[in-house]
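As a starting point, one isolated chain is supplied in structure tokens, in the form predicted alone.
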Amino acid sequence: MKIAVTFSSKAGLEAEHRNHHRSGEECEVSADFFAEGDSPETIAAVLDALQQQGHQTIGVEADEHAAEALRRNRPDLVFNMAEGLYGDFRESYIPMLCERLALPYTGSDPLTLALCLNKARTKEILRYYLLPTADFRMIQHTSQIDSLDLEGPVIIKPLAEGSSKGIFNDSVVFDPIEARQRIAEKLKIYRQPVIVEKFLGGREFTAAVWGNGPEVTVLPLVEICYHQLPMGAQPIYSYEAKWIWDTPNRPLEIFHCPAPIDEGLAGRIESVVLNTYRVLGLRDWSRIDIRLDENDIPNVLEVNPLPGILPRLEDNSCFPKAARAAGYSYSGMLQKIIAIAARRHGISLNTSAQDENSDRLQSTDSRDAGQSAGSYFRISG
């Protein structure tokens, strides 16, 4: 199969930023501004892994030349992992091009990608369907700050970012004065609304999901345990935790997969995850982050329809971690996603790796009992 891999490299995002400010306007950027860009190593790993499965691959940067590259090459399938940099619909760019060009592609459609990028819209839909998610307020202007009635702790984050962008150790606040200061800072730095959300003090998990219709499957759950973070660090997977404290050279041992939990809790988490996947219209694959509240109820934190897939074990990338626990190598995981999308599009896989399970590894699925903690919070105003 001829597959185009669409991506947003860090260099490509830097070029997009320069083009966005061609007028000469000075624009300082935060340390995490390009956090969602794919590294050369990840891009090469995806291309190489698909070639190992017998596919012909083409790499396409998701820039202003992407439409012509896709039109000229006419791939059988587009494997999309492009994030983009500007705008609420940046993750929808490649799927919209694919639909315009009548090209099959992996993953969710443009509407779902846009909704999931907007944390407030995601939470509103979850609330409508009675799926648990933490209380929140969306703040668009500094004029709204004084009307907030805060009773902490809260976590403050940009409305439409991923890869822990805009979520730092000081994003969890306990004092109303500090909360107002943090809100004002994020409004200024990220130039978008912010979410002020009840901070849930329970255990945290992330669930890798793949499939469509009745074949949707939750892979072994990953628990994120924060006891190895530096002294005084908040128990969140912040920018510092993800990109500074947890490095390939010194990986933090904070992930447990399969998560050591009993079947009852695992079942409750998987039920919330599967219902979230369906009501948001997710397709092919996704990763959904979960945190327990003070009553041990699984709440949806984030929905990631374009999950990170860093290749090395020490990268601590959670979707590949869950896939390994389910018995898939990195290339086997990618082939499985390709097979799921191909089946949805009615495409026959005519490659030497037609069996999507051919590159599986032996796996285990043991679960032990665990404990949870919680805290109380209210947002109004």
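Quick note: we count residues from 1 along the sequence shown, nothing fancier. The structure displayed is predicted, hence computed values, not measured ones.
Another form, the form predicted together with a small molecule, is not on view; read the next lines as being about it.
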Test of understanding: in the predicted bound form, would Glu161 fall inside 4.5 Å of the small molecule by heavy atoms? yes
Given that the small molecule is not shown alongside this chain, does Ala134 nevertheless sit within 4.5 Å of it in the predicted bound form, heavy atom to heavy atom? yes
Give a yes/no on whether Ser92 approaches the small molecule to within 4.5 Å in the predicted bound form, heavy atoms considered. no
For Ile167, is any heavy atom within 4.5 Å of the small molecule in the predicted bound form, or not? yes
Kindly indicate whether Lys119, Tyr237 and Arg291 are, all three, within 4.5 angstroms of the small molecule in the predicted bound form, using heavy atoms. yes
Counting any heavy atom within 4.5 Å as contact, can you tell me which stretch out of 195-203, 180-188, 262-270, 247-255 lines the small molecule in the predicted bound form? 195-203
